[in-house]
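Here you get one chain, nothing else, as structure tokens; it is the form predicted alone.
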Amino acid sequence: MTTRTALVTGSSSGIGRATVEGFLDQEWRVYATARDPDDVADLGERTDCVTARLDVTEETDVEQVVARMVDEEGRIDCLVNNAGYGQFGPTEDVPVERVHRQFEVNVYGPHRLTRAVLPHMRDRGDGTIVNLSSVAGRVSFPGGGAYCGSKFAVEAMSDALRAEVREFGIDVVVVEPGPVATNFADRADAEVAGVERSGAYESFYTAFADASLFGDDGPATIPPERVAADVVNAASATKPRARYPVGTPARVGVLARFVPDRLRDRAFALVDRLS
């Protein structure tokens, strides 16, 4: 039996690392990538795992890793676009260059990888592209404009792509977790610390500092292995679902899309008054 292959971005920690380990446990051959290859060096000690440097914002990195995988394995069965981070802060306070960087990593990165692997998947008439989105790709919230915007874009691009490549035997899946026990919150805190605070939105910063929504110990937080399990299941399925909401907040978020805008705005206003 031919060994199935997967390319995973952002493999250094959290969901990416758990996904690599999940594939390996299912006897896939995995290319685990990260901006700093030292962060994934230990994964290379596992049988059937190849590590490589891949900054999703660098076209050369993308081309080299995909070419290497095709040359060495002859196939790419699954691409997991996991690399990403969250830029939070009120829209007025977030500099344009930070919004650009957010989309460069979260949106243009997956686009680069997708364009690189599709010719090979089309030639074989098979393959699965899994894009890591978020409940924030379904429902936006105050202080999350840049991040939610990037995840909304991933959702929209995935929907278009799924229809475009269906005739070639390629599946496109969106995985939408809620809060996950990773270092996401630490990175988010660092990004908020670097915005240009106008002084008009201090209630947001107070609420953000106290919130456990993106923390590792919130009541609805799930382990990264739970998300990874859905990624591996989707990649292994003959007919995967278009979307996999993971965790209670994610499932509720799907329903929240159907709540009238006015009611959502009132709910956000109430939270602001209570903070």
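For every residue, the number given is its place in the sequence shown, counted from 1. The structure displayed is predicted, hence computed values, not measured ones.
What follows is about the form predicted in complex with a small molecule, which we do not show.
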Of T248, T57, N233, Q64, the only residue with a heavy atom within 4.5 Å of the small molecule in the predicted complex is T57
Answer among 200-208, 78-86, 138-146, 157-165 for heavy atoms within 4.5 Å of the small molecule in the predicted complex: the stretch 78-86
>> So in the predicted complex, is the small molecule close enough to V105 to count as touching (4.5 Å, heavy atoms)?
In response: yes
* Asked: If you check in the predicted complex, is V20 within 4.5 Å of the small molecule, heavy atoms only?
  -> no
How about R101 - does it come within 4.5 Å of the small molecule in the predicted complex, if we only consider non-hydrogen atoms? yes
| Is T182 close to the small molecule in the predicted complex, meaning a heavy atom pair under 4.5 Å apart or at it? | yes
Q) All three of G10, I15 and S133 touching the small molecule in the predicted complex at 4.5 Å, heavy atom to heavy atom? A) yes
